[in-house]
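A single chain, nothing else alongside it, follows as structure tokens in the form predicted on its own.
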Amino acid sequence: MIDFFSAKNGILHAEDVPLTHLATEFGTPLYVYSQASIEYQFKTLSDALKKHLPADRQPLLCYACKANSNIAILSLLKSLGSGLEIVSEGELARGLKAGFEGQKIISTSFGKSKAEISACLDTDILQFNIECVDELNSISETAKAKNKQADVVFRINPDVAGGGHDKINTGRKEDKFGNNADKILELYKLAESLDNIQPVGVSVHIGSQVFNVQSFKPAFEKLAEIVKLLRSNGHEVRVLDIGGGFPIIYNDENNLDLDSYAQWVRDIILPLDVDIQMEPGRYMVGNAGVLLSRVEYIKTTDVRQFMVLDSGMNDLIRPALYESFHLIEAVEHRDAEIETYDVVGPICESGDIFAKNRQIQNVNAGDLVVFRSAGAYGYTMASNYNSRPLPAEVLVSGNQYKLINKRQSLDEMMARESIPEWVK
């Protein structure tokens, strides 16, 4: 894997831009993204598919917007040829603002609201991925009222565990996502009887951070089985959405064997003669981002040495939520002696811990550190907890950089609130 964040003259850079320069200009906490990294990831996946699949059977890569929904990032991915996978009306609005056309957008949200369904129909999106009968009926009613046709795909639950953490597994039978084969057959029959609905296929997604490429094979085989079942019952199946889940490197993991993955798409999915869709998200942007933070204090007790940062769990919640690992390193003084720290934020929660007993270069108050691999599920999961304004975001390309999301001010954070007239 190429590292687009490397040290030059003793200072960590994003491509050709010193992170110290960005911290001075835009402050911290600050999310910084590498355009070259995103382009590299997109090309790497595309090339693996082109190597094993015919030119006229290439999957439509629909970037999973939830990983990083900044409009500049979406626009960049659109320019590379990506489609878009959305899970809310807000993500639809972001995609449209970034320039995506409706026929390149797939809605996979769980529990679609009437407003979201209506907005998607108005945009003539490519398809809805369906979870349950009530959702199907809601889409049918809304489509009929608008005199629109909705193409729908039904998500199967293959009972395959694939994610790197319990909370990001989505393909087990106890998870809320998807349906078994009997239910898919029932939903397909119902869909064909409904006005303004056209069932076109099946989808699957087993989880995120799927390092074991073997996990995809049984999921694909379940897809093939259900396609044959549907067709044997007289139903048309022309679309397969085979999901995403490709991992990134947070620590010392190995990359996914994309050749084996692409070969299974070729051997299992391709013979089914369907249009293939995929939903890579974290894979495209995760390693392309860092969270830049400044050390506020070093607190030493009888049993611990705490590195207290200006970033908190409201800025990067993954360690608190998933016990996830992010490499933390100094931006300068990179050859300093190694110290052991508990890395914590300023939030008034005992859970506001980024790392325990982590060995990092010796730092002092005022020094800069970065959280690596923070380009996915970083800013998108940030909050105003403890009334902390949202951080800024910057995109770097070579020696160029641009602020793509300004830091939220205190006034902006409180602008939507009001005091009732009866409160004195």
Ligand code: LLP
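Being a predicted model, the structure only gives us computed values, none of them experimental. Residue numbers run from 1 along the displayed sequence.
Keep in mind the form predicted together with this ligand is missing from the figure; the text below concerns it.
Judged against this ligand in the model of the complex with a 4.5 angstroms heavy atom cut-off, the residues Ala64, His205 and Pro280 are in contact without exception. The stretch from 374-382, 26-34, 50-58, 387-395 that comes within 4.5 Å of this ligand in the model of the complex, counting heavy atoms only, is 374-382.
Proximity to this ligand in the model of the complex, taken as a non-hydrogen atom within 4.5 angstroms, holds for one residue of Asn157, Asn314, Gln209, Asn287, which is Gln209. Shown alone here, Gly201 lies farther than 4.5 Å from this ligand in the model of the complex, counting heavy atoms only.
Within 4.5 Å of some heavy atom of this ligand in the model of the complex lies at least one heavy atom of Gly245. Taking the partner from elsewhere, Thr108 is found to have a heavy atom lying within 4.5 Å of this ligand in the model of the complex. This ligand in the model of the complex comes within 4.5 Å of no heavy atom belonging to Trp264. Although this ligand is not shown here, in the model of the complex the stretch 305-326 places heavy atoms of Arg318, Tyr322 within 4.5 Å of it, in sequence order.
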